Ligand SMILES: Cc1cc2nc3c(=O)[nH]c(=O)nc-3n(C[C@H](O)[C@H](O)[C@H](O)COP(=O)(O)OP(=O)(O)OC[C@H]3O[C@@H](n4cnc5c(N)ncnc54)[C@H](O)[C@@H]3O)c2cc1C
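Shown next as C-alpha cells: one chain only, the form predicted on its own.
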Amino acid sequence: MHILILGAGVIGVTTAYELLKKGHEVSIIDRQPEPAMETSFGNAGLIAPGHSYAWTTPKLPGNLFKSIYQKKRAFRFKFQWDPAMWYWGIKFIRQCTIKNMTENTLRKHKLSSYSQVCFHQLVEETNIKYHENKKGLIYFFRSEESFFEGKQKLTMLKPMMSNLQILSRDELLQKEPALLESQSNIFGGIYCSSDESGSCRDFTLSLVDICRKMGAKFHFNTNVQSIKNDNQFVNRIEADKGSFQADQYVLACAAFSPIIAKMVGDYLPIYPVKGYSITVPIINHEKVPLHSGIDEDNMLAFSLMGDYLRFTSVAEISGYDTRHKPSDFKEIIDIAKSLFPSVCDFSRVEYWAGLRPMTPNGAPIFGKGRMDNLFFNTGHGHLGWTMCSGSAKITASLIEGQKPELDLEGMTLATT
C-alpha cells in the first residue's frame, strides 16, 4: 500500500518507519521547511512512564481560575473568545475527578510503558544516537506538603512499577550531587531508574535519514488546503504544492490535527497547551547533573543534551499563538539558575515556545472517524516523545487490519 502521513514530527516519522519496515510505500508532507519543527523541536526531552500522571486533578479547576489574576502560575489559563477552547475546556474540566484522574493516569502509563519497550527496539535496530541518558530521572519537591502529594500520586503507579524509589533530602542529594549547589530548599524526591531522557529532535532527524534510505518521500513547505472525499474514503489531499494521493492516510499533525480533521467532518477533542523552554550551553561540566528530572513545585523539567541543558516549564491554555519574548522566560531562567548556579552560560539562551496537543483525558487518539482510509495518531499532549514508538506500532497494526497489542479503550473517537 501507499500511505501518506500528514506531519513530520516524532509521531509521524516513527509511524513512517514502522510502515516502511512492513514493506509499504510511504510519503510524508509537512508545512514546515524541516522535520520536527513544532512540538518535537524544543520539548523537555524526558521519556517518562514513571511520571505519566494525568493533568486532570481535582485541584486543577481552582488553580486555573487563580491563574487569571496570579500570572506566575506554571499551569495557567488566558481568557479568550474561542468557542473551540470553551467546548474542549468543559470536557477537560469534567475529567478533574479522583476517579477520572486515576483512570487517565493508568491509561497513559500503560501506553507509555508499552511505547518505551518499542522505542528500545527501534533504537537497537537503527543504532540512532540522540544524547540519550539512561541513568533514570529524579522528581524532587521543595516542601513537606508537595512531597506528601507526590507520594500520594505515586500510589497510582506503584503497583505497576517496582523501581519507583522515595528519597529523603539527604538521599536525593547523594543521588544527584549537582543539587548540592542549589540555592533552593529541597525536601525530598522520587527516583525512577527506568525513566530516561534525550533529544527528541535529534532522534527524529536521524530517523528521517533512515526512512529516506528505506524509500520514504518527504514533502516540506507543504500546506494542506482541503481533503477531497466521497463521504467514505479520502480520494486525495489538496495542498499548495499540488495534489497527493494514496491508499491510506495518517493524520499526525499534533495541535493542528483538529483543523485538518474538520475538513472531512470529524471533531477531534484536541486543544493546544503552550509550553516554554530554554536551551543553554554548559560551561562547567564538573557540576552538570547526572540525571534529568523535574522540579515538581515549579513544573520545571530539565534534561542534559550533549553540551547543553534544556529547561522546560509552563502549561498555558492560550490558543495557537506561539509568539514569545525574552521576558516570558524570566521565571524559568531564575529557577534554573537557582538549581544549577554555576553550570550554564545564561547569557546565551535559546528561547522556544510550542504547542502540546492535549485531549481532555490526556490520552492520544487512534483509529478512524468518518473516513475509512484516514487514521488518527495524534493528541499525545506532553508525552509524545514518550509515546511515539508504541503509537507508531499501534497505527501500523490498525492500517493493516490487525488488532493492536494494546487495548485502545479511551484512545479512539468512539471511547474518548
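This one's a predicted model, so the numbers in the text were calculated from it and none came from an experiment. All residue numbers are counted from 1 along the displayed sequence.
The form predicted together with this ligand is left out here; the points below concern that form.
Only one segment in the set 180-188, 270-278, 336-344, 128-136 has residues whose heavy atoms sit within 4.5 Å of this ligand in the predicted complex; it is 270-278. Shown alone here, Thr386 lies within 4.5 Å of this ligand in the predicted complex, counting heavy atoms only. Though the partner is left out of this view, Ala44 does reach within 4.5 Å of this ligand in the predicted complex, counting heavy atoms only. The closest non-hydrogen atom of Ala392 lies beyond 4.5 Å of this ligand in the predicted complex. In the predicted complex, this ligand lies farther than 4.5 Å from every heavy atom of Met411. Across the proposed site, Gly9, Thr222 and Arg356 without exception bring a heavy atom within 4.5 Å of this ligand in the predicted complex. For the partner-free chain shown, just Thr312 of 304-319 comes within 4.5 angstroms of this ligand in the predicted complex, judged by any non-hydrogen atom.
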